[in-house]
Ligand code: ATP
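Let's start with one chain on its own, the form predicted on its own, as C-alpha cells.
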Amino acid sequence: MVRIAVIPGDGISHEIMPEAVKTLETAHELYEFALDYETYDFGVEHYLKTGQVAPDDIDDFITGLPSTFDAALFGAGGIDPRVPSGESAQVVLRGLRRGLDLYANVRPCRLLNDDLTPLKGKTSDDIDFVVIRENTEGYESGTGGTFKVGTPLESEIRPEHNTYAGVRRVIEFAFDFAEQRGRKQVAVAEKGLPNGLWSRLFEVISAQHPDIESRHVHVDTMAYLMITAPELVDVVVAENRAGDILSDVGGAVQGSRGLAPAGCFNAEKDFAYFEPVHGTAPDIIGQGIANPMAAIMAAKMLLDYKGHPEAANAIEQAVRATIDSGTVTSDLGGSSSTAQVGEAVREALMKNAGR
C-alpha cells in the first residue's frame, strides 16, 4: 500500500498537482499496487475559505503525518496574488522540512531530451547529476531577524547557521546515496572558511568511502562547471542556500525548472516528501499553461522510494515520450496546456503498458 498526503499549496500548484495525482492513479491501475491518498488544501485555497493558510494545529498535523502516510506530495509555497503578502503554504513547507527533520533534499538533474538543454553540444550522456541540499540549517535556518523595521536604521541579520551534526549527516547521506546508486564521485560545493566545518567534515567522511572519488569545489566554480562541463558533475552536496541555487542551475541545464523534481529524506525515517523544484509562478496562475512534468516526476520519485521501480520507470519513459512528441508547455517551446500535457503523459503510460 502506498499512502500519500497530497498538499498542493499555492499558485500554480492546484493546476499541476491534479495531473501528478491522476498519473499516480493510472500507474496504480496499470501496475497493480495499492494506492490511497488524501488531499489537504493548506495554502491559498485554505486561506480563501477560512482566512488562514493552515489550521492552528498545523504543527501537530505535520508531526503526525508519518503515523498515517508513507509520504507526502507537496506542490509549492510562496507568492500568490490572491492572498495578502506573507500568507502562504511556506508554513507547511517549513513544517515538512524542519518539523519532520527531513534534512536531505535530493534534486536529480537528468536531461530527458537532447533538444531541451541550452548548452551547446551537450547531450543526455553529459547531463546526469544530483544535487543534495542540506534542508534544515544554513542560510535558511530561521535563526535570523530584523529590528528597527521601517526606519533608516533598519537592520536584517540572516546568518548561515550550520551545526556539526547537521553537516555530518548530510555529507554521510551523499556518500551513501552515491554508493547505493553506483555513482562514482561526490563533490562538496561551499565557500566557507578554509578549515571550516564543511571542509573538515567532508575530508573526514570522504576518507571512510575510498571507492568514491571526492572533490572540494567552491560553489561558484561548481555553478560554472554545471554550465560548461556538466559531464564532470556527479553527486553534489551543499549547504541550504548554495544547494538551492545550484539545483536551479541544474533545472536550467536540463531545459526548465518545470522538469525538475525533488525528494526530501531523513536516513533514519521511513517517511519522505516529494515536490517539484519550481515555485508558485504567480505570473501564470489560472492560465492553464504551467508545466506539470516536474510534479509528475516527483510522483515518479515517490514510487521509486516506495519500492515500485517498474511503475516509476514507466512514468519517466512516458514523460520522455511526451516530450519527444512535442506535446509540451510554453516553457519548453510548445503550446499545449497543463491538462493536455498531463493527459499525453498518461496516454503514453498506457501505451507503453499495452493498453
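Note that residue numbering begins at 1 and tracks the sequence as displayed. Just so it is clear, the model here is predicted, and its values are computed rather than measured.
What comes next is about the form predicted in complex with the named molecule, which is not displayed.
- Residue heavy atoms within 4.5 Å of the named molecule in the model of the complex occur in exactly one stretch of 288-296, 29-37, 320-328, 56-64, and that stretch is 288-296.
- Contact check for Ser88: every heavy atom lies farther than 4.5 Å from the named molecule in the model of the complex.
- In the model of the complex, no heavy atom of Asp270 sits within 4.5 Å of the named molecule.
- None of the heavy atoms of Ala223 is located within 4.5 Å of the named molecule in the model of the complex.
- Although the partner is absent here, Leu232 lies well away from the named molecule in the model of the complex, with no heavy atom inside 4.5 Å.
- Proximity to the named molecule in the model of the complex, defined as a heavy atom within 4.5 Å, singles out one entry of Pro282, Gly144, Gly196, Gly99, which is Pro282.
- Checking Asp114, Asp126, Glu203, Asp248 against the named molecule in the model of the complex, a heavy atom within 4.5 Å turns up for just one residue: Asp248.
- For the stretch 238-261, the set of residues having any non-hydrogen atom within 4.5 angstroms of the named molecule in the model of the complex comprises Asp248, Arg257, Gly258, in sequence order.
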